[in-house]
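We begin with a single chain expressed as structure tokens, specifically the form predicted on its own.
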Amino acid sequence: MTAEEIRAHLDPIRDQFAEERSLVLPALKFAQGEKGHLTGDDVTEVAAATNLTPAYVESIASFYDRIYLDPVGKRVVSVCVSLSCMLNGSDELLEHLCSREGVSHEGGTSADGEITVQEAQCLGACDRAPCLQVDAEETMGPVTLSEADAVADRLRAEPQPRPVLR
């Protein structure tokens, strides 16, 4: 991804943002779209496209849990670990999914590269705790361990590429 391609993506939406530096997040999402994660070169190109420093762009990228600086699986399952979900069993849900996919209790990507399990801060579904989200699009809850297994089985049976976040 080049700075010129990123600028071309940003030009039609530029007037929607009060400050020029606010374009960094849409630029990061766009740059991440093709590979599903960002490389150091991508961060540098986003910086060039937004007239910001690579250090600033990386600080933004490392803050958001849907911007990936490392490769992730074809599908990403985010388990909410905020207070409401934690009080309703999200720690057990996260541990169960991590164990099932053979990743550390903190999350990671399955050996076959199909599914990444990660912690997420508040998915905005506190009334449906514990909840999880698939590919930053489909939020569900409350989720039982057997329902989480069904979700993972579905993701493996019907693999689809992660959508480009816009």
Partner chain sequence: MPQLNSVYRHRAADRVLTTVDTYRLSGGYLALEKALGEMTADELLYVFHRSGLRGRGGAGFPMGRKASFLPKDAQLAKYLVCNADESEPGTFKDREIMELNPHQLIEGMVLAGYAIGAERGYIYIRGEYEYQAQILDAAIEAARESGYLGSDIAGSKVDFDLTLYRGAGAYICGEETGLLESLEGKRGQPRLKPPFPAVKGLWASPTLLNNVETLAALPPIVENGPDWYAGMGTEKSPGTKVFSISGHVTKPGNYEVVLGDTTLRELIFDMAGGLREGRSFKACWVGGSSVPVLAEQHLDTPLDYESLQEAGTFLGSGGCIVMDDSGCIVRASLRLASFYRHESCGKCTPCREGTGWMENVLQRMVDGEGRMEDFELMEALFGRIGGKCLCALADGAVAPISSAIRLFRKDFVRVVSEGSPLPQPMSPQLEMSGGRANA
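These numbers come from a predicted model, not from an experiment. Positions refer to the first chain, counted from 1.
Below: the form predicted in complex with its partner chain, not depicted.
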In the predicted bound form, does Ala18 come within 4.5 Å of its partner chain, counting heavy atoms only? yes
Examine His96 and determine whether its closest non-hydrogen atom to its partner chain in the predicted bound form is within 4.5 angstroms. yes
If you check in the predicted bound form, is Gln133 within 4.5 Å of its partner chain, heavy atoms only? yes
Can Ser59 be called a contact residue for its partner chain in the predicted bound form at 4.5 Å between heavy atoms? yes
Would its partner chain in the predicted bound form be within 4.5 angstroms of a non-hydrogen atom of every residue among Ser22, Asp65 and Gly124? yes
Partner contacts in the predicted bound form for 131-152 (non-hydrogen atom within 4.5 angstroms of its partner chain): Gln133, Ala136, Glu138, Pro142, Val143, Thr144, Leu145, Asp149
